[in-house]
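For reference, the chain that follows is the form predicted on its own, supplied as C-alpha coordinates.
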(Lines give C-alpha, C1' and ligand atoms only; values in the text may rest on other atoms or scores of the structure.)
Protein backbone atom coordinates (compact mmCIF):
# COMPACT_ATOMS: atom_id res chain seq x y z
CA UNK A 1 0.00 0.00 0.00
CA UNK A 2 1.58 3.28 -1.07
CA UNK A 3 1.67 6.40 1.08
CA UNK A 4 -0.92 8.33 -0.99
CA UNK A 5 -3.47 5.56 -0.66
CA UNK A 6 -2.89 5.33 3.09
CA UNK A 7 -3.50 9.05 3.46
CA UNK A 8 -6.77 8.76 1.52
CA UNK A 9 -7.97 5.88 3.68
CA UNK A 10 -7.14 7.82 6.86
CA UNK A 11 -8.96 10.91 5.55
CA UNK A 12 -12.04 8.88 4.65
CA UNK A 13 -12.01 7.27 8.10
CA UNK A 14 -11.70 10.67 9.82
CA UNK A 15 -14.55 12.10 7.74
CA UNK A 16 -16.67 9.06 8.59
CA UNK A 17 -16.01 9.45 12.32
CA UNK A 18 -16.73 13.21 12.25
CA UNK A 19 -19.95 12.62 10.28
CA UNK A 20 -21.08 9.95 12.72
CA UNK A 21 -20.34 12.17 15.72
CA UNK A 22 -22.34 14.97 14.14
CA UNK A 23 -25.23 12.65 13.33
CA UNK A 24 -25.64 11.26 16.85
CA UNK A 25 -27.12 14.45 18.41
CA UNK A 26 -29.51 14.83 15.48
CA UNK A 27 -30.58 11.19 15.77
CA UNK A 28 -31.21 11.61 19.50
CA UNK A 29 -33.15 14.82 18.92
CA UNK A 30 -35.37 13.17 16.31
CA UNK A 31 -36.15 10.27 18.63
CA UNK A 32 -36.48 12.25 21.87
CA UNK A 33 -39.85 12.70 23.54
CA UNK A 34 -41.52 15.32 25.74
CA UNK A 35 -43.71 14.03 28.59
CA UNK A 36 -47.21 15.51 28.84
CA UNK A 37 -49.60 14.69 31.67
CA UNK A 38 -53.25 14.39 30.73
CA UNK A 39 -54.73 16.53 33.50
CA UNK A 40 -58.12 16.37 35.22
CA UNK A 41 -59.90 17.93 32.25
CA UNK A 42 -58.73 15.40 29.65
CA UNK A 43 -61.49 12.89 28.99
CA UNK A 44 -59.81 10.95 26.18
CA UNK A 45 -56.88 11.03 23.77
CA UNK A 46 -57.46 10.29 20.09
CA UNK A 47 -55.21 10.22 17.03
CA UNK A 48 -55.35 12.67 14.15
CA UNK A 49 -55.37 9.65 11.83
CA UNK A 50 -58.85 8.82 13.16
CA UNK A 51 -59.99 11.47 10.67
CA UNK A 52 -57.60 10.58 7.83
CA UNK A 53 -56.47 6.93 7.69
CA UNK A 54 -53.63 7.74 5.27
CA UNK A 55 -51.81 9.40 8.19
CA UNK A 56 -51.67 6.22 10.26
CA UNK A 57 -48.13 5.00 10.90
CA UNK A 58 -46.51 8.21 9.65
CA UNK A 59 -44.71 11.02 11.43
CA UNK A 60 -47.77 13.14 10.64
CA UNK A 61 -49.99 11.23 13.06
CA UNK A 62 -50.27 12.90 16.46
CA UNK A 63 -52.19 12.76 19.71
CA UNK A 64 -55.20 15.01 20.11
CA UNK A 65 -56.21 15.65 23.72
CA UNK A 66 -59.98 15.87 24.09
CA UNK A 67 -61.37 17.88 27.01
CA UNK A 68 -65.14 17.46 27.33
CA UNK A 69 -67.26 19.48 29.75
CA UNK A 70 -70.08 18.04 31.81
CA UNK A 71 -72.41 20.41 30.00
CA UNK A 72 -72.65 20.40 26.18
CA UNK A 73 -71.73 23.56 24.35
CA UNK A 74 -69.45 24.79 21.61
CA UNK A 75 -66.24 23.20 20.39
CA UNK A 76 -62.73 24.54 19.78
CA UNK A 77 -59.63 23.10 18.10
CA UNK A 78 -56.31 24.44 19.41
CA UNK A 79 -52.94 23.68 17.82
CA UNK A 80 -49.33 24.58 18.57
CA UNK A 81 -45.97 23.70 17.00
CA UNK A 82 -47.33 24.38 13.53
CA UNK A 83 -43.91 26.02 13.41
CA UNK A 84 -41.80 24.23 16.00
CA UNK A 85 -39.29 27.08 16.28
CA UNK A 86 -42.06 29.20 17.85
CA UNK A 87 -42.53 27.34 21.15
CA UNK A 88 -44.59 29.74 23.31
CA UNK A 89 -47.83 28.25 22.00
CA UNK A 90 -46.67 24.74 22.87
CA UNK A 91 -45.94 25.77 26.46
CA UNK A 92 -49.31 27.51 26.77
CA UNK A 93 -51.29 24.54 25.46
CA UNK A 94 -49.29 22.07 27.54
CA UNK A 95 -50.26 24.06 30.64
CA UNK A 96 -53.86 23.94 29.40
CA UNK A 97 -53.82 20.15 28.98
CA UNK A 98 -52.18 19.57 32.37
CA UNK A 99 -54.35 21.94 34.43
CA UNK A 100 -57.59 23.11 32.85
CA UNK A 101 -61.05 21.66 33.31
CA UNK A 102 -63.76 22.36 30.75
CA UNK A 103 -67.07 23.21 32.41
CA UNK A 104 -69.06 23.60 29.20
CA UNK A 105 -68.27 22.56 25.64
CA UNK A 106 -65.31 20.61 24.25
CA UNK A 107 -61.69 21.36 23.42
CA UNK A 108 -59.51 19.41 20.97
CA UNK A 109 -55.83 20.15 21.62
CA UNK A 110 -52.96 19.23 19.25
CA UNK A 111 -49.66 20.06 20.96
CA UNK A 112 -47.19 19.08 18.22
CA UNK A 113 -49.22 19.79 15.11
CA UNK A 114 -46.17 19.41 12.85
CA UNK A 115 -44.49 16.55 14.70
CA UNK A 116 -41.92 16.15 11.94
CA UNK A 117 -40.97 19.82 12.17
CA UNK A 118 -40.54 19.50 15.94
CA UNK A 119 -37.91 16.82 15.21
CA UNK A 120 -36.16 18.90 12.56
CA UNK A 121 -33.59 21.65 13.05
CA UNK A 122 -31.79 24.41 11.19
CA UNK A 123 -28.05 23.84 11.60
CA UNK A 124 -27.14 26.67 9.23
CA UNK A 125 -28.57 29.13 11.76
CA UNK A 126 -27.07 27.35 14.75
CA UNK A 127 -30.40 26.43 16.30
CA UNK A 128 -30.23 24.70 19.69
CA UNK A 129 -31.79 21.24 19.79
CA UNK A 130 -33.45 21.65 23.19
CA UNK A 131 -34.44 24.20 25.79
CA UNK A 132 -35.31 23.72 29.46
CA UNK A 133 -38.04 25.27 31.59
CA UNK A 134 -37.50 25.33 35.37
CA UNK A 135 -40.24 23.96 37.62
CA UNK A 136 -40.69 23.41 41.35
CA UNK A 137 -39.53 19.81 40.91
CA UNK A 138 -36.76 20.17 38.29
CA UNK A 139 -36.20 21.04 34.67
CA UNK A 140 -38.56 20.11 31.83
CA UNK A 141 -36.74 19.57 28.56
CA UNK A 142 -38.42 20.47 25.27
CA UNK A 143 -37.32 19.81 21.71
CA UNK A 144 -36.64 22.93 19.71
CA UNK A 145 -37.65 22.29 16.13
CA UNK A 146 -37.89 24.04 12.81
CA UNK A 147 -40.50 25.80 10.72
CA UNK A 148 -40.71 22.99 8.18
CA UNK A 149 -41.13 19.24 8.34
CA UNK A 150 -38.01 17.12 8.04
CA UNK A 151 -37.05 15.96 4.54
CA UNK A 152 -36.65 12.54 6.17
CA UNK A 153 -40.45 12.44 6.32
CA UNK A 154 -41.39 14.28 3.13
CA UNK A 155 -39.05 14.31 0.16
CA UNK A 156 -38.24 15.35 -2.50
CA UNK A 157 -39.38 18.96 -2.53
CA UNK A 158 -40.98 20.11 -5.79
CA UNK A 159 -39.33 22.90 -7.75
CA UNK A 160 -42.46 24.92 -7.03
CA UNK A 161 -45.15 23.95 -4.53
CA UNK A 162 -48.59 24.25 -6.13
CA UNK A 163 -51.22 24.81 -3.50
CA UNK A 164 -54.24 22.54 -3.55
CA UNK A 165 -56.94 23.31 -4.53
CA UNK A 166 -56.34 26.99 -5.33
CA UNK A 167 -53.34 26.28 -7.60
CA UNK A 168 -51.31 29.21 -6.28
CA UNK A 169 -47.56 28.82 -6.87
CA UNK A 170 -45.60 28.92 -3.61
CA UNK A 171 -42.00 28.35 -2.58
CA UNK A 172 -40.74 24.79 -2.98
CA UNK A 173 -40.24 24.43 0.78
CA UNK A 174 -43.84 25.44 1.56
CA UNK A 175 -44.89 21.87 0.87
CA UNK A 176 -43.30 21.01 4.24
CA UNK A 177 -44.89 23.97 6.03
CA UNK A 178 -48.20 23.12 7.72
CA UNK A 179 -49.20 26.75 7.55
CA UNK A 180 -49.09 26.66 3.77
CA UNK A 181 -50.81 23.33 3.04
CA UNK A 182 -54.35 24.02 4.33
CA UNK A 183 -56.97 22.72 3.57
CA UNK A 184 -54.93 19.71 2.47
CA UNK A 185 -55.98 16.54 0.71
CA UNK A 186 -56.23 12.89 1.80
CA UNK A 187 -53.65 11.48 -0.63
CA UNK A 188 -51.32 14.43 -1.06
CA UNK A 189 -47.97 15.24 0.51
CA UNK A 190 -47.61 14.24 4.16
CA UNK A 191 -48.18 17.79 5.39
CA UNK A 192 -51.24 18.09 3.16
CA UNK A 193 -52.57 14.95 4.82
CA UNK A 194 -51.95 16.48 8.26
CA UNK A 195 -53.95 19.60 7.48
CA UNK A 196 -56.65 17.58 5.72
CA UNK A 197 -57.06 15.41 8.83
CA UNK A 198 -57.44 18.53 10.97
CA UNK A 199 -60.02 19.91 8.55
CA UNK A 200 -61.93 16.61 8.71
CA UNK A 201 -61.89 16.76 12.51
CA UNK A 202 -63.31 20.27 12.45
CA UNK A 203 -65.94 19.42 9.85
CA UNK A 204 -67.08 16.13 11.38
CA UNK A 205 -67.08 17.35 14.98
CA UNK A 206 -68.70 20.66 14.01
CA UNK A 207 -65.94 22.71 15.62
CA UNK A 208 -66.85 26.36 16.16
CA UNK A 209 -63.46 27.96 16.82
CA UNK A 210 -59.91 27.11 15.70
CA UNK A 211 -56.79 28.70 17.15
CA UNK A 212 -53.29 28.38 15.73
CA UNK A 213 -50.48 29.60 18.03
CA UNK A 214 -47.36 31.19 16.50
CA UNK A 215 -44.49 33.57 17.13
CA UNK A 216 -43.14 36.28 14.82
CA UNK A 217 -40.10 38.50 14.63
CA UNK A 218 -40.08 41.89 16.32
CA UNK A 219 -39.11 43.38 12.93
CA UNK A 220 -42.15 41.81 11.23
CA UNK A 221 -45.33 43.94 11.21
CA UNK A 222 -47.65 40.94 11.73
CA UNK A 223 -46.63 40.28 15.32
CA UNK A 224 -48.20 40.77 18.74
CA UNK A 225 -51.58 40.26 17.12
CA UNK A 226 -54.53 38.09 16.15
CA UNK A 227 -54.81 37.31 12.44
CA UNK A 228 -58.41 36.71 11.41
CA UNK A 229 -60.56 36.62 8.26
CA UNK A 230 -63.66 38.76 7.95
CA UNK A 231 -65.94 36.11 9.49
CA UNK A 232 -63.82 36.09 12.68
CA UNK A 233 -62.94 39.79 12.78
CA UNK A 234 -65.54 41.01 15.29
CA UNK A 235 -64.61 38.42 17.91
CA UNK A 236 -60.90 39.00 17.28
CA UNK A 237 -61.32 42.75 17.66
CA UNK A 238 -63.25 42.46 20.92
CA UNK A 239 -60.71 40.00 22.33
CA UNK A 240 -57.78 42.21 21.32
CA UNK A 241 -59.32 45.36 22.77
CA UNK A 242 -60.25 43.59 26.01
CA UNK A 243 -56.82 42.12 26.79
CA UNK A 244 -55.19 45.44 25.98
CA UNK A 245 -57.55 47.38 28.26
CA UNK A 246 -57.91 44.87 31.10
CA UNK A 247 -54.54 43.09 31.16
CA UNK A 248 -52.21 45.82 29.98
CA UNK A 249 -50.35 44.23 27.08
CA UNK A 250 -50.39 45.38 23.46
CA UNK A 251 -52.34 43.40 20.90
CA UNK A 252 -53.99 44.24 17.60
CA UNK A 253 -55.87 42.54 14.76
CA UNK A 254 -54.49 41.84 11.30
CA UNK A 255 -56.82 40.86 8.43
CA UNK A 256 -56.29 37.49 6.76
CA UNK A 257 -55.31 38.18 3.13
CA UNK A 258 -57.71 36.66 0.65
CA UNK A 259 -55.09 36.28 -2.08
CA UNK A 260 -52.46 34.36 -0.07
CA UNK A 261 -53.42 30.71 0.11
CA UNK A 262 -52.60 27.81 2.37
CA UNK A 263 -52.73 29.57 5.74
CA UNK A 264 -54.83 28.29 8.63
CA UNK A 265 -56.53 31.65 9.21
CA UNK A 266 -57.56 31.68 5.55
CA UNK A 267 -58.44 28.13 4.56
CA UNK A 268 -60.10 26.87 7.76
CA UNK A 269 -62.74 29.55 7.43
CA UNK A 270 -63.12 29.03 3.70
CA UNK A 271 -63.45 25.23 3.82
CA UNK A 272 -65.34 24.74 7.10
CA UNK A 273 -67.93 26.55 9.21
CA UNK A 274 -65.23 27.06 11.85
CA UNK A 275 -64.08 30.55 12.88
CA UNK A 276 -60.24 30.63 12.61
CA UNK A 277 -57.81 32.75 14.59
CA UNK A 278 -54.01 32.79 14.41
CA UNK A 279 -52.10 34.29 17.32
CA UNK A 280 -48.65 35.84 16.95
CA UNK A 281 -46.46 36.63 19.96
CA UNK A 282 -43.11 38.40 19.49
CA UNK A 283 -40.05 36.12 19.47
CA UNK A 284 -36.73 38.00 19.18
CA UNK A 285 -34.90 34.71 18.58
CA UNK A 286 -36.25 34.63 15.01
CA UNK A 287 -35.06 38.12 14.07
CA UNK A 288 -32.09 38.08 11.71
CA UNK A 289 -29.95 40.92 13.16
CA UNK A 290 -29.31 39.29 16.53
CA UNK A 291 -26.39 37.74 18.32
CA UNK A 292 -25.91 33.95 18.43
CA UNK A 293 -29.07 31.83 18.43
CA UNK A 294 -28.68 30.62 22.00
CA UNK A 295 -31.12 29.08 24.46
CA UNK A 296 -30.69 32.21 26.56
CA UNK A 297 -31.93 34.40 23.70
CA UNK A 298 -34.84 32.03 23.14
CA UNK A 299 -35.88 32.21 26.80
CA UNK A 300 -35.23 35.83 27.83
CA UNK A 301 -35.53 37.55 24.43
CA UNK A 302 -32.72 39.97 25.26
CA UNK A 303 -30.46 41.13 22.45
CA UNK A 304 -28.24 44.21 22.17
CA UNK A 305 -28.70 44.51 18.41
CA UNK A 306 -32.48 44.57 18.70
CA UNK A 307 -32.24 47.06 21.54
CA UNK A 308 -30.22 49.35 19.25
CA UNK A 309 -32.79 48.91 16.47
CA UNK A 310 -35.59 49.65 18.90
CA UNK A 311 -34.01 52.99 19.79
CA UNK A 312 -34.03 53.75 16.06
CA UNK A 313 -37.73 52.78 15.89
CA UNK A 314 -37.09 49.86 13.54
CA UNK A 315 -39.17 47.32 15.48
CA UNK A 316 -42.91 46.75 15.44
CA UNK A 317 -43.17 46.13 19.20
CA UNK A 318 -41.93 47.94 22.26
CA UNK A 319 -38.49 46.68 23.27
CA UNK A 320 -36.19 47.64 26.13
CA UNK A 321 -33.54 46.10 28.41
CA UNK A 322 -36.07 43.58 29.76
CA UNK A 323 -36.32 41.90 26.33
CA UNK A 324 -39.32 39.71 25.51
CA UNK A 325 -39.16 36.81 27.99
CA UNK A 326 -40.83 33.47 27.32
CA UNK A 327 -43.26 33.80 30.23
CA UNK A 328 -44.62 37.02 28.77
CA UNK A 329 -45.13 35.41 25.37
CA UNK A 330 -46.81 32.34 26.85
CA UNK A 331 -49.01 34.50 29.08
CA UNK A 332 -50.20 36.56 26.14
CA UNK A 333 -51.19 33.43 24.24
CA UNK A 334 -53.11 32.13 27.25
CA UNK A 335 -55.06 35.33 27.84
CA UNK A 336 -55.83 35.93 24.16
CA UNK A 337 -57.11 32.34 23.80
CA UNK A 338 -59.32 32.66 26.87
CA UNK A 339 -60.66 35.99 25.68
CA UNK A 340 -61.50 34.65 22.22
CA UNK A 341 -63.49 31.83 23.84
CA UNK A 342 -65.20 34.34 26.13
CA UNK A 343 -66.16 36.67 23.29
CA UNK A 344 -67.37 33.77 21.15
CA UNK A 345 -69.49 32.52 24.06
CA UNK A 346 -71.04 35.95 24.59
CA UNK A 347 -72.05 36.08 20.96
CA UNK A 348 -73.18 32.43 20.86
CA UNK A 349 -74.57 31.56 24.31
CA UNK A 350 -76.15 28.34 23.02
CA UNK A 351 -72.65 27.21 21.89
CA UNK A 352 -70.60 28.70 24.72
CA UNK A 353 -67.27 27.24 25.84
CA UNK A 354 -66.24 27.69 29.46
CA UNK A 355 -63.21 26.40 31.33
CA UNK A 356 -61.36 26.89 34.58
CA UNK A 357 -57.86 26.22 35.90
CA UNK A 358 -55.98 27.78 32.98
CA UNK A 359 -53.78 30.71 34.10
CA UNK A 360 -53.89 34.10 32.42
CA UNK A 361 -51.12 36.54 31.52
CA UNK A 362 -50.47 38.10 34.95
CA UNK A 363 -50.29 34.72 36.71
CA UNK A 364 -47.86 33.24 34.21
CA UNK A 365 -45.61 36.31 34.23
CA UNK A 366 -45.57 36.34 38.03
CA UNK A 367 -45.18 32.60 38.65
CA UNK A 368 -43.35 31.42 35.53
CA UNK A 369 -44.85 28.89 33.15
CA UNK A 370 -42.92 26.08 34.86
CA UNK A 371 -45.26 26.31 37.85
CA UNK A 372 -48.02 24.78 35.73
CA UNK A 373 -46.10 21.69 34.61
CA UNK A 374 -46.46 18.54 36.72
CA UNK A 375 -43.86 15.90 37.56
CA UNK A 376 -44.41 12.84 35.33
CA UNK A 377 -42.56 10.70 37.87
CA UNK A 378 -45.35 11.34 40.38
CA UNK A 379 -48.25 11.06 37.95
CA UNK A 380 -50.33 8.03 37.13
CA UNK A 381 -48.38 6.34 34.31
CA UNK A 382 -51.62 5.93 32.37
CA UNK A 383 -51.97 9.71 32.23
CA UNK A 384 -48.46 10.36 30.85
CA UNK A 385 -48.10 10.76 27.09
CA UNK A 386 -44.90 11.30 25.15
CA UNK A 387 -44.99 13.79 22.31
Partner chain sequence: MPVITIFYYLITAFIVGMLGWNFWHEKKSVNDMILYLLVIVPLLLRILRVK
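Residue numbers count along the first chain shown, from 1. Given the structure is predicted, the values throughout are model-derived calculations rather than measurements.
Just so it is clear, the following notes concern the form predicted together with its partner chain, a form of the same protein that is not shown.
Mapping the unseen interface onto this chain, residue 30 counts among the residues with a heavy atom inside 4.5 Å of its partner chain in the model of the complex. Using a 4.5 angstroms threshold between heavy atoms, residue 292 stays clear of its partner chain in the model of the complex. At a distance threshold of 4.5 angstroms between non-hydrogen atoms, residue 380 is out of contact with its partner chain in the model of the complex.
Mapping the unseen interface onto this chain, residue 155 counts among the residues with a heavy atom inside 4.5 Å of its partner chain in the model of the complex.
In short, of 107 to 115, 202 to 210, 229 to 237, 155 to 163 it is 155 to 163 that has heavy atoms within 4.5 Å of its partner chain in the model of the complex.
For the options 72, 257, 151, 186, the residue carrying a heavy atom within 4.5 angstroms of its partner chain in the model of the complex is 151. Although the partner is absent from the chain shown here, 8, 11 and 15 each have a heavy atom within 4.5 Å of its partner chain in the model of the complex.
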